[in-house]
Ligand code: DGL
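Take a look at this one chain, the form predicted on its own, written out in structure tokens.
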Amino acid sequence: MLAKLSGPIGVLDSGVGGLTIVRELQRILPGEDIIYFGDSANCPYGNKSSEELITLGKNMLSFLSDNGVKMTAFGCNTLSSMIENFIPCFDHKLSSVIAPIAAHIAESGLKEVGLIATEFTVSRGGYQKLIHSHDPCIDVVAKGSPLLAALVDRGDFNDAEIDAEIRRQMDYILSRKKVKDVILGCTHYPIVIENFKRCYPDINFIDPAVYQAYAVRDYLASQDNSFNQKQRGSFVVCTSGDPQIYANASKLLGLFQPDEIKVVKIRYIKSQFYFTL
């Protein structure tokens, strides 16, 4: 990798969901500088075509690369399910949010697990393929939600609407198999994990953000322990959406408050668009 290992960690997502990864990074790597990109103007990603997603993903990664990141952790499960389209295009490490949790599920000894995610993530089968690459006998019962990520990204956390959508998708999963463990396969979902727990108190909901943060730590450790030794790293949020939603979500999640929240604009050059400050 050619990226400078003294730079910040990049985290990208279609909106506020990837802040759950920031929370875990700040917990285990508090000295690291973090630059976050949340593309709320184009959220939800789970309902877009592959071509649109590749364009959006490359533009976000180019923005983060221009800001000197030493690696990028994908918060977006949808983009993680097609990460092979991005790895050859960038010279810094890209970390999928799906791969670490797939390994954890296999190592846990579970024989069946539920998955609630965006429709695109479920249809791509990334979780199923990676889990089965470790243990083909694990039964993955998956259901895609067309609405939940957008409801959370809206920022008002309307319990009635969110609970109704959770129940629609979870009841489908449970009608197929009475699973006891369910992966929250979109980083927006752990923001409202209390809603999940309230609706289904007997189910263990698994947050992939925890295992993504450990994967980031392990990668940096493998690169001659290229950790930032500061007591507390900087935290900058860049978004194409409403900055207040990010301030509110950061507070809700108990993050170090952002040093700065920047609004990213879309600039068009010869029918191509780019993210720019």
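For every residue, the number given is its place in the sequence shown, counted from 1. Predicted, not measured: the structure shown is a model, and the values here were computed from it.
Note that the form predicted in complex with the named molecule isn't included here; everything after this is about it.
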Taking the named molecule as it sits in the model of the complex, is residue 75 near enough to touch it, meaning that at least one heavy atom pair lies within 4.5 angstroms? yes
Does any heavy atom of residue 57 come within 4.5 Å of a heavy atom of the named molecule in the model of the complex? no
Verify the contact flag for residue 45: yes if a non-hydrogen atom of it lies within 4.5 Å of a non-hydrogen atom of the named molecule in the model of the complex, no if not. yes
May I ask you to check whether residue 118 falls inside a 4.5 Å heavy atom distance of the named molecule in the model of the complex? yes
In the model of the complex, does every one of 101, 183 and 212 come within 4.5 Å of the named molecule, counting any heavy atom? no
Options 185 to 193, 202 to 210, 135 to 143, 158 to 166; stretch whose heavy atom lies within 4.5 Å of the named molecule in the model of the complex: 185 to 193
Enumerate the residues of 6 to 20 that have a non-hydrogen atom within 4.5 Å of the named molecule in the model of the complex, in sequence order, or give none. 13, 14
